[in-house]
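One chain is shown next in structure tokens, namely the form predicted alone.
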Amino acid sequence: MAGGQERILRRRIKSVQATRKITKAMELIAASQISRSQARIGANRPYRHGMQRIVIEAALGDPAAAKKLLATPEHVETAIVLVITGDRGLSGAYNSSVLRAGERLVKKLRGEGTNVRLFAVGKKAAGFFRFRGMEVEYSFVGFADRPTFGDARSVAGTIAAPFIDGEAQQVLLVSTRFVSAGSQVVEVEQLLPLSMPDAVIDDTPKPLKGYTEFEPEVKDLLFYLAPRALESEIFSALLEGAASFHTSQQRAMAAATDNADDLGQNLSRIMNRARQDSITTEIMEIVSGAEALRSGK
């Protein structure tokens, strides 16, 4: 009995050790991707702020022309909701936090009588909403871990078309904002009409001072700038989502590796105890046999 238990424990220990190798490798890979993702966010920030600055200046130059692109709509019949998650799991609460926020937003809008058209980035979002009976109009997969500006342009063109055609009055984004390696926040942001703050805050570029002359007219300029600004915002969201994914995965795999170490130690103690019981049983049998022989003589 003890020998059979020892064999079972040996197999379990080998299985735990094999799992630990996988989780440790995934932890190291995710850690190497974090710094690269942060560097991409930093490299993109000047372009994003520059695009915001141009749009704000154009809007200040002709508020009437910018009203449709920058104002919050008074009545929304149809809203587009874009949810950005990862293509893979094993990343802690990263995917589930965004998906729960997206589900709450969809239910809230539908409860207010708004028709919702759902778009998703990442396999996890598409599977989650389809499982709950929420139709996903279009799903983008295959680039959540390492997005490019071309991917952002493809997403922006798809979700902007219904807004431009007048089929939707609002486009909302549910994604994770990368604050630091220790903090990632799920946010709901309005993409269209462009959500540009009126007041100057820490992370928003200040309007230029002095006189600004626009060529062509502000109305035509904003019509050209709006898609570029939308692409910039989506690309930033994709980059921050990728960084958040890698950070969450690194933490999750580090915790899994620590748990594997603890489980391996516990199983080793149990196996050693079983071996001691087996050895003690064998010694007792030998001593009992020797005593029986001596008594017989």
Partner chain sequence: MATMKVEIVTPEAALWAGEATALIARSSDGEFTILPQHTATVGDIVPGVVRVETGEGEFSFAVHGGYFQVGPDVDEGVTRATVLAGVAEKTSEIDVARAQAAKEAAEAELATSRGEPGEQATQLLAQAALERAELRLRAASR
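Note that the structure is a prediction, hence the values are computed from the model and not measured. Numbering follows the first chain given and starts at 1.
The same protein also exists as the form predicted together with the partner chain; that form is not shown, yet it is the one meant from here on.
Item to complete: Find the only residue in Leu28, Ile270, Ala255, Ala43 having a heavy atom within 4.5 Å of the partner chain in the predicted complex.
Response: In short, Ala43.
Discussion item. I need to confirm a contact call. Of Gln190, Thr158, Thr148, Asn115, which residue comes within 4.5 Å of the partner chain in the predicted complex, counting heavy atoms only?
Written reply: Contact with the partner chain in the predicted complex is made by Thr148 alone.
Item to complete: Would you mind picking out the stretch of 124 to 132, 179 to 187, 91 to 99, 217 to 225 that comes within 4.5 angstroms of the partner chain in the predicted complex, counting non-hydrogen atoms?
Response: Of the stretches listed, the one contacting the partner is 217 to 225.
Practice prompt. Considering only heavy atoms, tell me if Gly50 and the partner chain come within 4.5 Å of each other in the predicted complex.
Written response: Within the cut-off, so yes.
Worksheet item: Though only this chain appears here, would Ile54 touch the partner chain in the predicted complex if you measure heavy atom gaps against 4.5 Å?
Response: Flag for Ile54 set to yes.
Worksheet item: Taking heavy atoms only, is Asp165 within 4.5 angstroms of the partner chain in the predicted complex?
Response: Although the partner chain is absent here, Asp165 would stay clear of it in the predicted complex, with no heavy atoms inside 4.5 Å.
Worksheet item: For Glu74, is any heavy atom within 4.5 Å of the partner chain in the predicted complex, or not?
Response: No.
Fill in: Stretch 231 to 264: residues contacting the partner chain in the predicted complex, 4.5 Å heavy atom cut-off
Only Phe235 sits within 4.5 Å of the partner.
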